[in-house]
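Here are two versions of the same chain, shown separately as structure tokens and labelled structure 1 and structure 2.
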Structure 1
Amino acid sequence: MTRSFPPACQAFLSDLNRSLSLSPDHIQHMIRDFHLDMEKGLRGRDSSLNMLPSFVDRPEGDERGRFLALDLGGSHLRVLEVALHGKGKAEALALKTFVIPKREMQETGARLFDFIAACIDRFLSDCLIDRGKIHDLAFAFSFPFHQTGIASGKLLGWTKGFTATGVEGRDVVFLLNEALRRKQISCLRVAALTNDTVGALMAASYSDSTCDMGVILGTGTNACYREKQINIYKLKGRRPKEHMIVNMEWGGFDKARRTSYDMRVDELSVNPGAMYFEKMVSGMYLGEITRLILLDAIRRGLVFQDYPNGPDRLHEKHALKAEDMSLIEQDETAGLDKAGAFLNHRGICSTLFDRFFLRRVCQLVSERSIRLSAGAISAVISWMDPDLAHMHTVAVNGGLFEKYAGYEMRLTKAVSEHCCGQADRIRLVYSRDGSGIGAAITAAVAASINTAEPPSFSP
């Protein structure tokens, strides 16, 4: 469809395509840089990949029990009751989702944790949980933290738009317990703290022993994988034969080629100078990249010519979201009517030509996100198994993977292109409710090995 664009527009789109596309050479470079930073992170040296030990390995599949789970991710908080039946069978018996208001994310930590305690209180009442008994609570906390015990960890720094004060550097389980005490909830004992990537891996590997990687492609992005303890050089008391899951915090990777739009997205974010990879890949930022590209094209007089400075709405941060892009990309109508209705709804008049242009930009931005994710997944698998001698199941969770038009299919295809004819050795599976169920499995694994305090390491 780009062929029908006027020359100036076509030139703009070709330049954009050039700066967003990733050649096989780029990907090979990126994989090498990933490996270098993984190595440095594991050694405890300065690296854009934190490589945080989680102190658990994947489950056997026979862990059992009932747990409550708390999943604090991006825009939503989920509280679940999880039953582990053994033989790889786990189910969420009850689940409630709460939207986290912006003030809770961005004012004080006490306000955020009081909100969490209030949501738990609602869950306990609505789901008729017996408050006369002590229940184990597994906490999936989808942020980078330095694990100091199986149920304790200090937040290293907020990501994904959170800025609540007084939390960075503190033990988040302690802060949760304080808030539960303020709310007079005394029937819960926090039994495990996990990152959401670890949760996804734990949940999928409960029934599938080939699963050795967890990936989140949602509001944020990150991955964890199974590492030999002997390779986690920064870990004291390493054991040669054992494995441990490492939370990479790959959203911080800083060696992928960035465009001027990426730099502007970073400047406008609440955490400038950090999480470059996340800001190129994840759902929270794809709309921002697209919005800035569109404003640039408007400024050059190429599209939306009724608005020389761009529609007011497009000047608002996060006015365009990944789900809007998905809707626009999926629009198969000849007149791109769905895209038109979406714009109209926001008070923006558009021509057919504007809409085709917008759709093309969405395609280029989402395609780069997919190519970068595929490159990163290949980097981790080739680190674990350079000859692809084994089967690897990758548990993926997150709205981008689950809901963005064609993302899952395009990602699977892109990963297979890096496998030199061995594409059947890598399988991506969607890990439903992975974070919460996986956190509960972590609590069960911890109970079975009775690890009160993990070995120490220098972060």
Structure 2
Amino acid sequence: MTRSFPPACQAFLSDLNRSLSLSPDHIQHMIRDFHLDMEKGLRGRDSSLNMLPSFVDRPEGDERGRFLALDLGGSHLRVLEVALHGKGKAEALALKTFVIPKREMQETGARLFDFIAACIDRFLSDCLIDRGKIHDLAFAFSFPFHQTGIASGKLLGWTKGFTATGVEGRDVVFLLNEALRRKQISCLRVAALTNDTVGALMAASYSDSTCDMGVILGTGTNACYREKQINIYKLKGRRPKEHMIVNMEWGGFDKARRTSYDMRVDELSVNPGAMYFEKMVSGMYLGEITRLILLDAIRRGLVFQDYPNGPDRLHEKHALKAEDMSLIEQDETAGLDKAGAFLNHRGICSTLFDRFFLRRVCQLVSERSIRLSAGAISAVISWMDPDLAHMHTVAVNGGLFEKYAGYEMRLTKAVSEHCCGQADRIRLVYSRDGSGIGAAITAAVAASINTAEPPSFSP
């Protein structure tokens, strides 16, 4: 069908393909830039990669006991009790999920943390948790924060619709402890603060000692990996024989080549001038890139010609989402009937030509996301092990990797292309429930850490 596109439309798609495609040379240049920013971040210099120490290493796999986990990462709050049985076996014994009302998300921080404490109190009662002894709790806090210790970190800025005042710049573990004190809950000790990226690595590495990298590919994107402490120059008290997981915050990487559509997406975002890599890769923005490309094609009179100014719905921000793109890409019917039904449901009449054009744009945008993700993963692995002398398992979590049509298979293939014939040394696995079980494992590791003075940030 692509061959039947008229010349002007074919020229548009060819130009789009050139602007979005990433040659091996592009990827190698990106990897070099990634390494430079990794080193600058580890030294505490200005860098688009924050390289934040987590103050915890991966588990040994023989940690045992029962631990609680608190998972705050969006409009839902989860509280879990997790049993670690050793030999890489873990199970959730109890779980309760609470919907966070918008009022709690958007008023004061004290109100939000009081709500969280009330949910924990209900969990303890409903799940018959013994309040007569101290339980170690891991706080999975999936917002950007600057970690200053294994159980302390300051919120850098809210995302995901949260605007609660009095939290940014403050230690979220301190705020949680204050709320627990107000609720008279004295049976909990917050042993660890972690995020979903570190949790993904922890959950997978509990049963797989080759896992040394965690990646989130979903609404947002981030990564962490295992680094030698001697290389984390911004830490005092560096220990040459020990390792620590580093939270890269790679969504901020700013060296990848951007198009005019990426620049427009950035301008329209709630945080212009930041998180450039995330805006090119993650599920929250892929639909926006595609929508802006379609509006450009419509403005040139190439598609959806029944709508001289474009369908009204396409002028709405986030009218097209990553899950819609996935549906369109996997439509193999002769008339692209699923894509047609999707458009028709939104009041948009389309021709077969329109639908094939739309699918091709979706393919190009998602393929670039995959290529960028593969390049970033390859950069981190080649940093850890330039000669690929060891096995590396990458724990991946998020809706893009899990649910987007063909994303996992295409990403695995793209990573292998960068491995110079050693693709068997890298394995991508889906890490389930890093924010729950992974957080509990982090608490177990934190509880076992020697009480000696830990490394700290250089002033």
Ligand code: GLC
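As the structure is a prediction and not an experimental result, all values here were calculated from the model. All residue numbers here refer to structure 1's sequence, counted from 1. Throughout, rigid core stands for the largest set of C-alpha atoms superposing within 1.5 Å between the two forms.
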With each form of the chain shown alone, which structure should be assigned as the form predicted alone? 2
Yes/no, residue 174 Cα shift of 2 Å or more between structure 1 and structure 2 with rigid core fixed: yes
For residue 243, is the CA shift between structure 1 and structure 2 at least 2 Å following rigid-core superposition? no
Following rigid core alignment, is the displacement of the residue 99 C-alpha between structure 1 and structure 2 equal to or greater than 2 angstroms? yes
After superposing on the rigid core, how many Å does the CA of residue 110 move between structure 1 and structure 2? 5.4
